[in-house]
Every structure is written in C-alpha cells, then in structure tokens.
Ligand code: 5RP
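Quick heads-up: it's one chain on its own, the form predicted on its own, in structure tokens.
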Amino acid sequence: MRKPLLQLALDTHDLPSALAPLQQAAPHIDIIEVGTILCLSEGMDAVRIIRSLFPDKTILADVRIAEAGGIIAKMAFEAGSDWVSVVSGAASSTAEVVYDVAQQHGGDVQIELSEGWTWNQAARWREIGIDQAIIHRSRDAEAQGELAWASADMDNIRRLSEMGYRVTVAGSVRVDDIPAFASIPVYIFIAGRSIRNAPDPAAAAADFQEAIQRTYSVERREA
C-alpha cells in the first residue's frame, strides 16, 4: 500500500491570509488546494499567483463544479491548476465534459462526494474515466461532535478503492486520526485549519507527514 499524500486546504477569504501559512508549510505539502472560498473571493487570480510561487507543486482548484463544467474547468486549468473538483450532484454529462477538458490540459478531476451520492453514480463516473473521489467524515457524526471516523466511512473508502478510485479523505482531519487508516487505501489526506491556524504551520504539516509515514510504513511491514 502506497504512502498517502498530504493536501493543504486554503479556505481563506483573501490571498494574503492563505499565503502566509502556505509559504511556511509548503516544504511538507504535496498538494495545494485553492479552496472554494478563496476561489470565490479572489477568482482564478488566486490559482495564477499560487502557481507562479509554487511551480512544482500539484494544485487543485476546488471550484466544485455543478454546471457550466467546460467553461469553469477551462478557466481553472488555464490559470494553472492541475486538478479541479466536481460535486457529486452534477449531471453525469457535466462530469464528462469536465473530464474531457481535464484530458485536454493534462489535468485530472476529483468528484466531491456530497450527501446522497449513490454507487450507481460512482460506477458511471468510472465509466467516464474519473478515478479520484473525495470522501468526508460523516456529516451527522461531525455535527454531533463525534471525532472518530465511522465504520461506514471506512467501508466506503475500501469499496471505492476496489472500484479503481484513488480516495481522498477530508473532514476536519487531525494528526491523531491518521493511525485509524492504517489498513485503508487512502490516496490523500486533506488538512486545513489544523495547519493553517497552527502557531507553526511548518511544524504542523511536518507532524502530519510524520504520522502518515509512521502509520503506512508499519502497514507495509505487516503486509
């Protein structure tokens, strides 16, 4: 099982408040997420500027496309993003158009699995060619203050992986959550506030990488 990547979600209201922690944490980050809020507040300029500052990093424009897929995807890729996101509630025709645009730009697509998605949809996205999915901690569990990931979440990650998906895990992920995924084929862990708002974002990101390395190196030795 491969070692998961670490993604930093920049869901801030302006670019300066995103860049300050990013510049500190960047050496320990694999993927930079230009978050939905930042995309809405700063537009594709946020993607352009972050691309110019970090030319070697993978950048996700978390635009959560629901419609006008070809136009929005083209804007994001031309601004310098490597990946874009599509919400699971979008029509399959929209997902297909976004995937086609991504292919034209050498990019990729992540399906954001919102509440109510179905396995039939998941099968259709794979038929289109999409092989990245983002799964969140149970919304109900978060709302009720439950910090542990539900067994249903873990089962969904396994099943999606068996379908050929590379699965990203999101939803208030903390360093001490990582060991619970030791036997789970996670592609990416997304961290946001736990790194951005940390007194030392670089140290916080390094802690995540250490936890990921420790957890998955143990899994490899046991396999």
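Each residue number is its position in the shown sequence, starting from 1. These figures come from a predicted structure and were not determined experimentally.
The protein also exists as the form predicted together with this ligand; that form is not presented, and the subsequent description refers to it.
Trainee: With this ligand left out of view, choose which of Ile59, Val63, Val167, Ile190 has a non-hydrogen atom within 4.5 angstroms of it in the predicted bound form.
Mentor: The residue from Ile59, Val63, Val167, Ile190 that makes the contact is Ile190.
Trainee: Heavy atom within 4.5 Å of this ligand in the predicted bound form: which of Ala205, Ala9, Leu22, Ile212 fits that? Just give me the one.
Mentor: If I apply the 4.5 Å criterion carefully, the residue I get is Ala9.
Trainee: Please name which of the stretches 152 to 160, 176 to 184, 190 to 198, 66 to 74 has residues with heavy atoms lying within 4.5 Å of this ligand in the predicted bound form.
Mentor: Careful reading of the contacts points to 190 to 198.
Trainee: Would Ser172 count as a contact of this ligand in the predicted bound form, using a 4.5 angstroms cut-off between non-hydrogen atoms?
Mentor: Contact with this ligand, yes.
Trainee: Does any heavy atom of His136 come within 4.5 Å of a heavy atom of this ligand in the predicted bound form?
Mentor: Yes.
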